[in-house]
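For this one, two forms of the same chain are given in C-alpha cells, first as structure 1 and then as structure 2.
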Structure 1
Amino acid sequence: MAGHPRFTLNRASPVPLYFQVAEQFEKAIIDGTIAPGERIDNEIALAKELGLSRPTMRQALQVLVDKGMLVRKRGVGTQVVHGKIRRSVELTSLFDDLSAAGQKPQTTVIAVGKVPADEDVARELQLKIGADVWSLERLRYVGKEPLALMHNYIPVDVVDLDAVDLSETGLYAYLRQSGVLMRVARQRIGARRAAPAEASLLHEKRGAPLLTMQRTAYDNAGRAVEYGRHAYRPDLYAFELTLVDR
C-alpha cells in the first residue's frame, strides 16, 4: 500500500471537507511528498483513513483530476501525473498574473472617459451602436519596459470609472471589489503588426509583431460586463495554459 501524508481535517471549519483534502493533496504533490508517477491508495482506503465517505473522497480527488495533477484509471488506481502543473488559464487579468509572479506591475492611464460604442464594441457588449460606454486605455510596465497596451470598454451602468485610480489597482480587482461578478469569458488570441502609434508606446519598431488578445467577460446573468482589446510585446509575454483531457 502506497504511503501518503497524514492529512488533518477540521469539521468545524466552513471550508468543505472535500476541499480541505484537495488542498492538502495538492500541496503534497507540489512539494514532492507524493512523487510523480506514484500510485496513491484507493478511494475506499483513503476515505476510511480520513473518516470520510467515498463520495466525499472522490469529490476531493476529482478537483485534482480536473487540474491535471491526478489521473484515474478504472481497475488500476489513481496516479500522480506531475508536480509542477501550471494553473490553467483562469478568469484573471494581466495584473493578477504579474502580481502572482511576484512582480510589481505599474500602469499608466493614457485615457479614460465615455465614448460612443463602435460596431465592434456594441456587438460584443450587446449594446446599440453609439451608446455610451467607458473607454479605458492603459499602458502596463514591468520594470521600465512597456509590456502591454490595453484598451477596455465597459457599459456605463456597470461601474463608475471616474472615481477610481486605476494606476494602482487592476481593473479586474476593481470590478470584483465593486460587486461585479464575472463568471464566463470568451478570449481570442491572435497576432498582427503594430500600428505606428502602438509601436511608439510599446518601444517597438514600426511593423513589429504584437500578440493580441480580445476578451469579453459576462456576469452571472449572461450580461456582457467588459470587452477588452489588448496588445502585448511578444518578447516579454506569452500565454501559457494547461489542457486536461476528460
Structure 2
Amino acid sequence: MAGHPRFTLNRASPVPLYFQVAEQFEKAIIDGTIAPGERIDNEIALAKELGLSRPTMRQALQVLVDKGMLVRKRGVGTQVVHGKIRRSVELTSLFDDLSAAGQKPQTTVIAVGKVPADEDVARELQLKIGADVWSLERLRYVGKEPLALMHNYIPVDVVDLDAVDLSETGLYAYLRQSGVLMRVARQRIGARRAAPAEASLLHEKRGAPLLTMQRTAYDNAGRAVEYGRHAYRPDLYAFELTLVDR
C-alpha cells in the first residue's frame, strides 16, 4: 500500500521545503516506519496533500533516489529500498554501529569453536602457527536482508566464546564486558568477487563484487586480541572517512 510518514513542515524556516520533506522521509526509512519494498504515493498526490508544488516534491524524492533509498520503477511507481549503512572508520563493531543508527542487529552464528591458527591468523595475532584460537563465523542482517559475512579469530586466553550467545550479543560488546579494552587497530579496506558460498549467504549473484575489511585490534598493552575478515554487500554498506589537509 502506498504511504508516507506524517510530515511537519516549517514554512518560516530557512531550510528549503524539499529538504524538510526528504529529511523526514529518510528518517522514516531508517527507523523502519516505511518498510523496504513499500510503495509511496506519487509526487502529484504528495504535492497536493502537502500544499507544495510538484517540482518541489520531485526535488525531495530525487534527493532520496540519489542516496539509493528510493527507486523509481516503470509501471510500479516509487518504492523504498534500504539505504546504505554508512560506517565511520573507527574502532567500533558493526553491531555497535547498527545499534547507534537505530537499527536492530540480527545475527546468525554459522560456526564457533577452537581451530589451529593458520599462517595468516598466527601472524596477525602474534601466535605460533597451529596455536589454538577461537574461530567465529556470523551472518549479520539489517532488517531481513543479509548485510555482512564476518569471520573473527581470537586467542583462546583472551575470552571464552562458549560462555556467550553471539546471536544476541555483539563480539566487541562481549569483549568489553570481559574486561578486554581495545585501544588501537590496523584495518585494510578492499573489494573482491563473491565466492559461491558467500554469494548464497548474502543473496548475491555468484562473482558479484563485495566490499571487504580486515582488522587486527590490540589492547592497551599492545597485545593482539582480535583479527577479523569481513565481507559486505556494497548496495547496503559503505565506509565513510573524514580527510583533513595537513
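We call the rigid core the largest set of C-alpha positions that still match within 1.5 Å between the two forms. Every residue number counts along structure 1's sequence, beginning with 1. Keep in mind the model is a prediction, meaning the values are calculated, not measured.
Just flag whichever of structures 1 and 2 is the form predicted together with the DNA. Of the two forms shown, it is structure 1 that corresponds to the form predicted together with the DNA, while structure 2 does not.
Comparing between structure 1 and structure 2 on the rigid core: C-alpha of R54 shifted by 2 Å or more? Comparing forms between structure 1 and structure 2, the R54 CA shifts at least 2 Å.
Once the core is aligned, please say if the CA of A231 is shifted by at least 2 angstroms between structure 1 and structure 2. For A231, whose C-alpha is compared between structure 1 and structure 2 after core superposition, the shift is less than 2 Å.
Is there a C-alpha shift of 2 Å or more at K67 between structure 1 and structure 2 once the rigid core is superposed? The answer is yes; the displacement is at least 2 Å.
With the two forms matched on the core, what distance in Å separates the two CA positions of P14 between structure 1 and structure 2? Taking the core as reference, the C-alpha of P14 is shifted 39.7 Å.
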